[in-house]
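Taking the form predicted on its own, here's one chain by itself in C-alpha cells.
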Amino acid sequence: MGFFENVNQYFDQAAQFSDLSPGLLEQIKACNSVYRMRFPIKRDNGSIQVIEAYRVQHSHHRLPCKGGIRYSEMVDQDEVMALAALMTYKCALVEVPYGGGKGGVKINPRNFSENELERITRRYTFELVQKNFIGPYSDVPAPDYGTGEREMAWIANTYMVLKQNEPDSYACVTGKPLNLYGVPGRKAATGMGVFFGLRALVDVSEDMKALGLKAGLEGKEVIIQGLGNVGYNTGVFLQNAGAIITGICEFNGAIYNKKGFDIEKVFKEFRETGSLRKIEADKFIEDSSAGLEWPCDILIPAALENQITKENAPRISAKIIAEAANGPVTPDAEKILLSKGILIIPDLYLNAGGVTVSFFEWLRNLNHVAFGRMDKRQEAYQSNSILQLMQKMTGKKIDEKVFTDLTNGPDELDYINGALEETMTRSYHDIRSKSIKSKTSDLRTAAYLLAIERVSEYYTTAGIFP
C-alpha cells in the first residue's frame, strides 16, 4: 500500500469506534486540494533542469493550512497527500487551529549548489503565490526533511517582494531565522516535543509496570534512527534526562554501545565525516536497518516513513517505539508489534512539537510583539517585592544568584517551552484517557479517534453537517 493509503487505513480503524455519519467521515478523510507543478531552473553550468514539486491542502476546516516543505528525491503526490492528512489530524489532536497541508520538491539537495537551491526555492514560492497556496491566512509552510531556516528565509523574502503591501507578510512561513522574526526554540521544537511526549508516557507507573520497566527516563536504553534535526535534539534532551543512547542508525551504517554514546560527540563526528564508522563502539554494521533490531527499551525512528515493515517487525525487540518521524511503521508491521506487546507512541502526536511552536511563531508575527514583552517588567517587580518580603519575614538572605534568576523572570524561550510542555503533556493524557474510555487496543487508534472527533466538532458546530 502507498503511504496515503496507510494513513487512511489507520483513519478507518479509528472511525469504527465513532458514531459519526459515513458522509462526515468521508469529508474529514478526503484530500481537498492538490497542486502539482513543474518549473525550469538554470543550473550553475548554464543548463536547464525541470523541477517537479507539490503543495497539498488536505483540509480547509480551519485556515490557514499548515505543513512543512521537504526536499527529497522520494517526494511524490502520494507521500505529500499522506503527510498533509497527518498534519490535519496532528493539529486537531494537540488543539492547534490549522488545517493540514504539506509541500515537497523532488530533488536531492546534496546535488545542488546553494545558489541553485535558492533559485529552486524562490521559483517554488512564486508558483505557490500564483495559486494562493501560501499566505498568512491561507497556507503557512515550515521546514521539513531537507529544508531549514535558510530555505524559510528565502520563502519569506520572495513572498514579501511579491506581496509588498501585506503588513503580515512574515507570517507566511514559520521556522525562520530569529533575525527574520522567527522564535527561539523552533529548530529544536520537534525534538523537544518528542522528549516531553516520551516523558509523559514513561511517568505513568502502571503502564511501565505492564512493560516490565520502571517509571521515568533515568537509565532507559534508547536507539535513535536518524541524526537529523529531530533525532539529534531528541537524543540531547533524553541524554540530559538520564537516558542512555545505546544505538544510533544512519543511512550508511549503525553503531551500538551497551554503555551508551555521547550524542554531541557522535553528531559532531558524523557532521564532519558523514559516517559513523570511526566512532568507538561495540558494534558497527553497514546495514543500518538492522540496527533497529538491537535490544533497547525505547526505539525512536526519526528518519523517513516505512522503516518498520512486516518483514523486520518480528525481529524488533524494543519495548516502546516512539514515532518521531512521520509514518515509520506500516499497518501490517503495527499488528505484529502490538501482538508482541510493544507500545507504540504514534507520529501524529509525538512529533507535533514542531507545528505547536510554529503556531507560536505565527501568532508572534501577526501580533508584531514578542511573548512576555508586555508583562515581563511587571512580573519582575512583583517577584522582587515578594522576595524582599520573604527576606524581611525570615531574617535570612536569599542567595544572590537565586534572587536574580527569580526577579528576572522568564524570557521568550521560557514562555514557548513552557507552552510546548503543557501542550504535549496534556495531549498525551487526553489520548490515554480516550484509549481507556473507548477501549481501543492501542494509542494510535485512540489518537486518530480523538482527532476525528475534534475535526467533526467544527463541521457540526459550523452547520456544515447536521
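One-based numbering along the sequence shown. Keep in mind it's a predicted model, so treat the numbers as computed, not measured.
Just so it is clear, the following notes concern the form predicted together with a small molecule, a form of the same protein that is not shown.
Asker: Of the options Thr158, Asn365, Asn326, Thr246, which one has a non-hydrogen atom that comes within 4.5 Å of the small molecule in the model of the complex?
Answerer: Contact residue from the list: Asn326.
Asker: Pick from Leu217, Val230, Val75, Ala85: which residue has any heavy atom within 4.5 angstroms of the small molecule in the model of the complex?
Answerer: By the 4.5 Å criterion, the partner-contacting residue is Val230.
Asker: What stretch, of 125 to 133, 308 to 316, 248 to 256, 164 to 172, brings heavy atoms to within 4.5 Å of the small molecule in the model of the complex?
Answerer: Answer to the contact question: 248 to 256.
Asker: According to a 4.5 angstroms non-hydrogen atom cut-off, is Asp144 in contact with the small molecule in the model of the complex?
Answerer: Heavy-atom contact with the small molecule at 4.5 Å: present for Asp144.
Asker: Does any heavy atom of Lys396 come within 4.5 Å of a heavy atom of the small molecule in the model of the complex?
Answerer: Residue-level check for Lys396: no, no contact with the small molecule.
Asker: Is there any non-hydrogen atom of Ala200 lying within 4.5 Å of the small molecule in the model of the complex?
Answerer: It does not: once the small molecule is placed as it appears in the model of the complex, Ala200 has no heavy atom within 4.5 Å of it.
Asker: Could you confirm whether Asn351 comes within 4.5 Å of the small molecule in the model of the complex, counting heavy atoms only?
Answerer: Because a heavy atom of Asn351 falls inside 4.5 Å of the small molecule in the model of the complex, the answer is yes.
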